[in-house]
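Presented below, as structure tokens, is a lone chain in the form predicted on its own.
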Amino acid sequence: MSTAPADPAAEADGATAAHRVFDLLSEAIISGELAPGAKIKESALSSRFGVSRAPLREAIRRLEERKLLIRTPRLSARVTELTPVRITELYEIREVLEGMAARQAALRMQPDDIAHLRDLLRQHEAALNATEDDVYRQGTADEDFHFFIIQRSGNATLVQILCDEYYNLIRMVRRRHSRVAGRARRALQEHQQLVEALAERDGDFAERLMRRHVAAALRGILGSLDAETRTPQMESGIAA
């Protein structure tokens, strides 16, 4: 039995559509428009994005690879839920791997890379000074301090794990838990200290600073979650 030859133009259009839907769904999940635990309804999303089921399912498959969606046997995919245990596991992975990335980046970064990081932090500081909401915003990969250091580590496996597989999940945690009191200013200072270690090519110190930085972020997030849990109990007269 013969098969019809593949249409390269149709395949390219399908890949483009899948990429577009992947980006749109990623932002909807990260922003909270699609709530944690929400069921992914293919028919509704196909109509919403004006695509057929094939590119939509490819986008969903990629979102599952990036841990933004979870599929259980015989059930539809659902938006991942960021429990304290899940966040802790993610940040423990970050602490180790980003520490390694900082160590390797310290040995490989060029003067232009250090200048770029310093300029990036000046932009972050200006944005922080321009608002009173005490939130450290890193909107895109191009603006992301951590993303740049990981890329400059020169380690393709670290880049794949942290910038591809886990990056959007990390962004999701940041977006949902960005209002830890006082954390934005401290994070900026920690970034500035890290840049100086990178500029000195001190891999040991850069790794220690990065690990402390990620661990401090986790403590802030867990403390904030604990406070959120206690507040409703206190308001209802239940002792924490």
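In this text, residue numbers run from 1 along the sequence as written. Here the structure is a predicted model, which means the values were calculated and not measured.
The following text describes the form predicted in complex with a further copy of the same chain, which does not appear among the structures shown.
Looking at T157, you'd find a heavy atom of it within 4.5 angstroms of a further copy of the same chain in the predicted bound form.
Although the partner is absent here, E65 lies within 4.5 Å of a further copy of the same chain in the predicted bound form, judged by heavy atoms. Mapping the unseen interface onto this chain, H116 falls outside it, with no heavy atom inside 4.5 Å of a further copy of the same chain in the predicted bound form. At a distance threshold of 4.5 angstroms between non-hydrogen atoms, R57 is in contact with a further copy of the same chain in the predicted bound form. Not one of R175, V195 and A197 places a heavy atom within 4.5 Å of a further copy of the same chain in the predicted bound form. None of L82, L120, M109, M100 but one reaches within 4.5 angstroms of a further copy of the same chain in the predicted bound form through a heavy atom, and that residue is M100. Applying a 4.5 Å heavy atom cutoff to a further copy of the same chain in the predicted bound form picks out E92, I93, V96, L97, M100, Q104 from 92 to 119, in order along the sequence.
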